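Read the single chain below, which is given as structure tokens and is the form predicted alone.
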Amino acid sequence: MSKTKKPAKNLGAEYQIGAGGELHQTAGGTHPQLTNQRGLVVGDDENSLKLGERGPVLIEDHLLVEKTQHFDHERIPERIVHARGFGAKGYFELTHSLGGITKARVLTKVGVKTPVFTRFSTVAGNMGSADTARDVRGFAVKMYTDEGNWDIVGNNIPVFFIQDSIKFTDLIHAAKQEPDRGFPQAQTAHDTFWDFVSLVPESTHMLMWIMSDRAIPRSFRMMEGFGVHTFRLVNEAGDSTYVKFHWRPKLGMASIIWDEALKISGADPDFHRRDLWNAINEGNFPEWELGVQLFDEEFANKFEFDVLDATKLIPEETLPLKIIGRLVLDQNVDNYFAETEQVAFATTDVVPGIDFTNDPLLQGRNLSYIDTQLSRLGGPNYEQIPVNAPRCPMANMQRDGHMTMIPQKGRVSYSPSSLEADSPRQDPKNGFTSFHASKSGDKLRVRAESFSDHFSQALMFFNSQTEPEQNHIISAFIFELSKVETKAVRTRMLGQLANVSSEISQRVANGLGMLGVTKAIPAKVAARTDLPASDALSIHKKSKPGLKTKVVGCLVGDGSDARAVLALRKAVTVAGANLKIVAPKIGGAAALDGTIIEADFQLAGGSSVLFDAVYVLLSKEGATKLSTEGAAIAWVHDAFVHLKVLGASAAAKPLLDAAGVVRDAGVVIGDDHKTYLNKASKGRIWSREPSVRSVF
């Protein structure tokens, strides 16, 4: 009989703080030396090899290449990260030219509609995981421009966990299911993830974001997207302007509540993909504005944080967005596998006028994406798959290989050549050229000193949230860390949170029942308390009132008034929302006048978590009958504790009482549909929350 492996005894070992604030762990005790695949002892596993502290990552960094390539080939054919995805097609239309700033035609020719393919995804879960897991959401846009494909491969969060791509494989390994047991998946609430991030202080800012409501969006259609990194725009003269890309949803932002997310996972694990599919099918085409933050070298040098640090953002109050275009998704895919599964994005897919910076995370991504596609899609010809193929002319000297789909003609497959009059040639004037940046320095495995502040923006983000949003962050930390079995890991994470704020750390500790004052882990740079709050970082402060494209669920039963249902449907439709009928039986309910009220959902399959607002339209007899039905009680109770606006006929009171509904500003009794929908258009009743769940 095999014995359970005991955990290492020195989990509380001492750590050295590196130049960037990272915690260095060294061999010794129970820990052997770390080596590469060939047995070479690794001296620094925290930093890529760069030319100078802030210079580009060098291709000779064989340790980075080995780690990345091995990681890229770990899964066939499912994506290692972003496996759970859903795509749609549409167009990007430029509304404001960036002429003079970039020579990229897609950003200078106003009014041109460029075809796009957009894929949304979760990061950690496998293909079969649920849509509503607490996770980062991928937001990747492929534009088929007349100069080649341009991919903005981003997320719904503007910062990331790590600063250097050499740590990406470790991050994902820690977040994925633990390898010895194969669970849990699609969640970070387990020991290996929190062990890793508690030892990597640079992740603290990102942790605030994924513990916030940003990590459980209501819909793909109601979340932002970010390019994350700082890129360059280059004009005809070769001048460079720094740029950050932002996608803004026209519907505004919205999220769900954690308990709601858990129940949606069971009621409809395809909640987000179904929502997007239905919206496009119904002609409610989702739309985003493309905004850019543009700045020069002088701004970059004066800004309080390093613009090459992917764990930092530039507040919009400091550098406002310039809206330059719009993204519209107006077509669902024709075949999920051929398009959504086979679409291949790469940060290196850029067009002339768009270039890279020395961001060490971006530099590693430039290597990783293409290498991954070679494994997933069978070889070097994955860009010949229709969803990946450019829509502009394509000609080069690359030949043959696995799954070649284009039979290239002619005898010349090299350059330079003189045997054919129509063989492709380079074009220095119109082709892609890299920005001429001068850089010199020593070859170093270091983290720039300017990357060392890991806690100030984490505190800024927390301070920028409304009180309910802050409470949700605290509750999320408590939930996640309560799943961590190793006390030393929980203690160390509380120590990192104490570097952000002693109040935050103590609130989480109180929720965990870990008594005593939390001691902060030594940090290279203390959190600044003078950074102003940024309203742009709060979902609640940026939400837009309205019911357009949202869904109202109406619970009916035998004896319900059919005319009242029709009146409610009309009012909901005028408000731009959809009404869905839920009944004890899928065949519908027998109305008071003898007609049948057709149902969209059977009660057990149409949980209230699927709707943005609810209405209970029952006769007295129907309400009395359903007040003894567990599913009906749960339907109403969940809507109430999820802070939804709840409307009800006067006769529905017995069911409301059984569900524990207490009359407040979000409970509308009677047939005043105007008042009900007006309240519902403003969103959840946050003032109700302290009465239905604990706040630590």
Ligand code: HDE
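Position 1 is the first residue in the sequence shown; the rest follow in order. None of these values were measured; they are calculated from a predicted model.
There is another form of the same protein, the form predicted in complex with the ligand; it is not shown, and what comes next is about it.
The ligand is not shown here, but in the model of the complex it comes within 4.5 Å of a heavy atom of residue 345.
Residue 620 falls outside the set of residues with a heavy atom inside 4.5 Å of the ligand in the model of the complex. Shown alone here, residue 193 lies farther than 4.5 Å from the ligand in the model of the complex, counting heavy atoms only. The ligand is not shown here, and in the model of the complex it never comes within 4.5 Å of any heavy atom of residue 105. When you look in the model of the complex, the only residue of 538, 475, 165, 578 with a non-hydrogen atom within 4.5 Å of the ligand is 165.
This chain is drawn without the ligand; in the model of the complex, the residue among 353, 90, 227, 553 with a heavy atom within 4.5 Å of it is 227.
With the ligand left out of view, the stretch that reaches within 4.5 Å of it through heavy atoms in the model of the complex is, among 131 to 139, 279 to 287, 559 to 567, 178 to 186, 131 to 139.
Contact check at 4.5 Å (heavy atoms) against the ligand in the model of the complex: all three of 153, 361 and 368 pass.
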